[in-house]
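Here you get one chain, nothing else, as structure tokens; it is the form predicted on its own.
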């Protein structure tokens, strides 16, 4: 059986890249819902339904475990999928998100001053307040959490404009409130943002620690599998990678290759 990676678009490829590097012997199937991307400004109900359809597609492709490699889907669909849909339809399968591993990784971080954590993400992710809610469940209410929606960053990155002067101005505008609040840890709460990590670091300052979700999620998955032998033992170990998309256009192939770092051959997925 496979490990499935679902994303609304391209950013999840940065998660898969980190996971497959750390755990190369498993079999992975990636699905990007590029035909309906981005999810960031959609309603919670629509995000849930699109995510459910994507997860079901991966389960039908013999995935034992699916990771929602999308902050928006993790924030607005994961809990309901786990507590309602999964139990009724696929009780022997598992769905994991990427927000909880990142929140758990914040706890052991030591800072010279009081820990002030900033989170940047899509409008839907920030409005969901998922990072704050998960942090408070784990005692993180003692630390100040400052959130900033950055709705223009995903289209800038996907259009290839993230290195232009206008993009630099937009990044500075989004980061400025966090800088004024003197955050000393900054969570990249969207899987697109690792592509502009250096620019974000230069704006927020070299002394601020950036949390890149890819590495965090990869190590969290490794730990999860070590604790759940019933899942790990069912997984195929042949180092196979398969890529699916709901929009197999030239643009999708080109952008995906940029996120992945080399050419990707996609199969078209019919998700409904």
Ligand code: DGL
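The model shown is predicted, which means the values in this text are computed figures rather than measured ones. Numbering follows the first chain given and starts at 1.
Only in words, not in the display: the form predicted in complex with D-glutamic acid, which the text now covers.
Wondering, does residue 135 line up within 4.5 Å of D-glutamic acid in the predicted bound form on heavy atoms?
So residue 135 does not count as contacting D-glutamic acid.
Applying a 4.5 Å heavy atom distance criterion, does residue 214 contact D-glutamic acid in the predicted bound form?
Close contact is absent here: in the predicted bound form, residue 214 is far from D-glutamic acid, nothing within 4.5 Å, heavy atoms only.
Is residue 244 close to D-glutamic acid in the predicted bound form, meaning a heavy atom pair under 4.5 Å apart or at it?
Flag for residue 244 set to no.
Verify the contact flag for residue 190: yes if a non-hydrogen atom of it lies within 4.5 Å of a non-hydrogen atom of D-glutamic acid in the predicted bound form, no if not.
Yes, residue 190 sits close enough to D-glutamic acid in the predicted bound form that at least one of its heavy atoms falls within 4.5 Å.
Only one of 130, 95, 186, 154 has a non-hydrogen atom within 4.5 angstroms of D-glutamic acid in the predicted bound form; which is it?
Only one option qualifies, and that one is 154.
In the predicted bound form, which of 57-65, 39-47, 202-210, 218-226 comes within 4.5 Å of D-glutamic acid (heavy atoms)?
Only one stretch qualifies here: 39-47.
In sequence order, which positions of 4-22 have a non-hydrogen atom within 4.5 Å of D-glutamic acid in the predicted bound form?
The stretch 4-22, when checked against D-glutamic acid in the predicted bound form, contributes 7, 8 at the 4.5 Å heavy-atom cut-off.
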